[in-house]
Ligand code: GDD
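Quick heads-up: it's one chain on its own, the form predicted on its own, in structure tokens.
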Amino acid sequence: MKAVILVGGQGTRLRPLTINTPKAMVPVLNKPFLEHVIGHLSGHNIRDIILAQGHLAQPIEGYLGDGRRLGVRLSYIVEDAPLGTAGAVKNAQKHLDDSFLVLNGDIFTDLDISAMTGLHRQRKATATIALTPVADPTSYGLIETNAQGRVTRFLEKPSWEQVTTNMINAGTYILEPEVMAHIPEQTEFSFERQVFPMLLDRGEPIYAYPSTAYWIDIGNPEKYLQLNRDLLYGKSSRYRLAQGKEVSVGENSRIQPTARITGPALIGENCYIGRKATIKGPAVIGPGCQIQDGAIIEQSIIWSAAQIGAGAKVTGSIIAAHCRLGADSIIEESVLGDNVTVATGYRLKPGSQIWPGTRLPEQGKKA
């Protein structure tokens, strides 16, 4: 079976992290998010993968190449203008001559794709949609089914008065190639709002595959931070990096003896952790980071090549690549895009989102 991964979105909700970095390439446990997704597919013997791209396409192809390094075969389809979930897949039609898998490129899940495929074939379905339970279904696409699991109704982003189930569209589909006939070429078109309701109206067999496997949408910084923390705590069945105590240190990293590190924490290669510096997990430190003497990192994600000055404190935050935090600066529950510079002693207002390349304080303002 071939798979199409939708990675063309602009990652608007994940800004400022996605201003210069495609959403699919944001690091999760120091590896691009998309690499985790491809590894999951490969684990289910799906190794022929098409990436439907749009925004910031070049960094993805430049990093992954033909996929050989990951044991898969990658093809790339680039849309000139946003085409929606179905329109993007229509672009890849020439590659799809049998049952195929479609995945939203911002979903991390332990979904049993092999079992879902078995159900699809057993029921001779035209489409099979993975479902997952959530506490608040009003932000997602709600799907109702009968006792046999056949879909009876679609409802996008319902109000609480309309909610009859907590099972939502999990962003993973198995489709038959004849579905493509219902999608116009070079037109913005949606599986969720147009194709699936159309198939239902036609009486096509659409089935649901409910799953309670780990699932998260990394659409915003809070969810992105949660994913890294969940993986460090071993909440995904595929990742057992840390069981609440473990600290993993990459090659050629130097940690001063007086530094204090409590897990779960992942420290990349070629890092330096200074004297009396403190790292308190869950925390991820990217490769090439410099954490100077007395700096404190708590429950935060630091991307590659960041410099954290002496006595600086970072709490509950995301610091993107090549940021420079001056000595004794304080960053709390904030998100810094790449190449942000923070002056010595500067205290950032909690909850801030700082665009790439910003220098704090801004010109004319005191630190």
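Remember, predicted model here, so these are calculated numbers, not experimental data. All residue numbers are counted from 1 along the displayed sequence.
The form predicted in complex with this ligand exists for this protein as well; it is not shown, and the discussion that follows is about that form.
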Can you tell me which of 136-144, 68-76, 205-213, 263-271 lies within 4.5 Å of this ligand in the model of the complex, counting heavy atoms only? 136-144
Could you tell me which one of Ile168, Ile174, Ala295, Leu231 places a heavy atom within 4.5 Å of this ligand in the model of the complex? Ile168
Sole residue of Lys157, Lys223, Arg123, Lys276 within 4.5 Å of this ligand in the model of the complex, by heavy atom: Lys157
Quick one: does Thr85 come within 4.5 Å of this ligand in the model of the complex, counting heavy atoms only? yes
Can you tell me if Asn104 lies within 4.5 angstroms of this ligand in the model of the complex, counting non-hydrogen atoms only? yes
Can you tell me whether Ser300 touches this ligand? I mean in the model of the complex, with a 4.5 angstroms heavy atom cut-off. no
May I ask you to state whether Arg347 is within 4.5 Å of this ligand in the model of the complex, using heavy atom distances? no
Could you run down 25-53 and flag each residue that has a heavy atom within 4.5 Å of this ligand in the model of the complex? Ala52, Gln53
